[in-house]
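In the block that follows, a single chain appears as structure tokens, in the form predicted on its own.
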């Protein structure tokens, strides 16, 4: 049994790891902030963020001042411009040991998926990846919910002894809610990196995306498509709508699409102005990869999960709807 890294206290802070995106904050970090705000609720827990960056600008400051966080700790070092696990871990680990949070939340980006388990290993605690929901139980433990077995079941996970409780959060939030006048305290520090591995920068010249995949419009088709040759109908429709054609896991398992075209927990996440989902049931696994401005769903089953989440649900045959759209666009 692991010994707690920090006391298990209802007053221990909630910490959100923030990732920069140019002069903004990564959408996954925005989602983590929103989740943390809901998690804290009316409790007295301090809600703080930590941002590691090569440069801190007015754009980031304006976003974070109105984020609803109690305080944001910014660590600046030119070596933090490219993600190098050892360097980011060194700075974050030192801060966590000083701050002693009870909970740490990360967005489920590739960088955070590497950093969160590395931090957990150094602190001798656990981490739950790709959570779709987190909430405090009556006993104060963090209940971490995530899809398992490809989304067929939902697992509920707790960390009863070790601290902090760490989770990465699946999902993207397009923007933070407006919270009135600036209220979050911003504390900027110079980050000390004792053993920088600057030589890695030559092959770690990454461009951080606003999301795992960005597209203006997406047409997603699912198990309601009856034959492989029918995919061409929807490919033509996607072209007319100037949309990217993607699919649910069902069509990948049939061998009609590659995993690169799959939306969902075991595929890709998408941010789109509009998502047209045709013949997609809308499982938890699929919806974990969706963050769109508006969702239009076409399904014969009016009670399908995606129909309950859609802004525009259409109970009907996807072939009839596709034919009508092809004739008018």
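Between two forms, the rigid core is the largest collection of C-alphas that superpose within 1.5 Å. Numbering follows the first chain given and starts at 1. Note that this is a predicted model, so its numbers are computed, not measured.
The same protein also has a form predicted together with a small molecule, omitted here; what follows describes it.
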When the small molecule is placed as it is in the predicted bound form, are 78, 114 and 120 each within 4.5 Å of it, taking any non-hydrogen atom of the residue?
no
Please pick, from 248, 168, 165, 144, the one residue with any non-hydrogen atom lying within 4.5 angstroms of the small molecule in the predicted bound form.
248
With the partner omitted here, the residue among 60, 281, 35, 53 that in the predicted bound form has a heavy atom within 4.5 Å of the small molecule is 281
Taking 4.5 angstroms as the cut-off for heavy atoms, does residue 24 touch the small molecule in the predicted bound form?
no
Residue-level contact is defined here as any heavy atom of the residue lying within 4.5 Å of the small molecule in the predicted bound form; does residue 266 satisfy this criterion?
yes
Using a 4.5 angstroms cut-off on non-hydrogen atoms, would residue 316 count as touching the small molecule in the predicted bound form?
yes
So in the predicted bound form, is the small molecule close enough to residue 29 to count as touching (4.5 Å, heavy atoms)?
no
Report the stretch among 249 to 257, 101 to 109, 128 to 136, 85 to 93 that approaches the small molecule in the predicted bound form to within 4.5 Å, counting heavy atoms only.
249 to 257
After the core is overlaid between this form and the one not shown, has the C-alpha of residue 253 moved by 2 angstroms or more?
yes
Determine, after fitting the two forms on their core, whether residue 61 shows a C-alpha shift of 2 Å or more between this form and the one not shown.
no
Does residue 266 count as moved between this form and the one not shown, where moved means a C-alpha shift of 2 angstroms or more after fitting the rigid core?
yes
I want to verify one pair: residue 249 and residue 134. Are their C-alpha atoms nearer or more distant in the predicted bound form compared with the form I supplied, knowing the change is 3 Å or more?
farther
Residue 268 and residue 85, C-alpha gap in the predicted bound form relative to this structure (3 Å or more):
closer
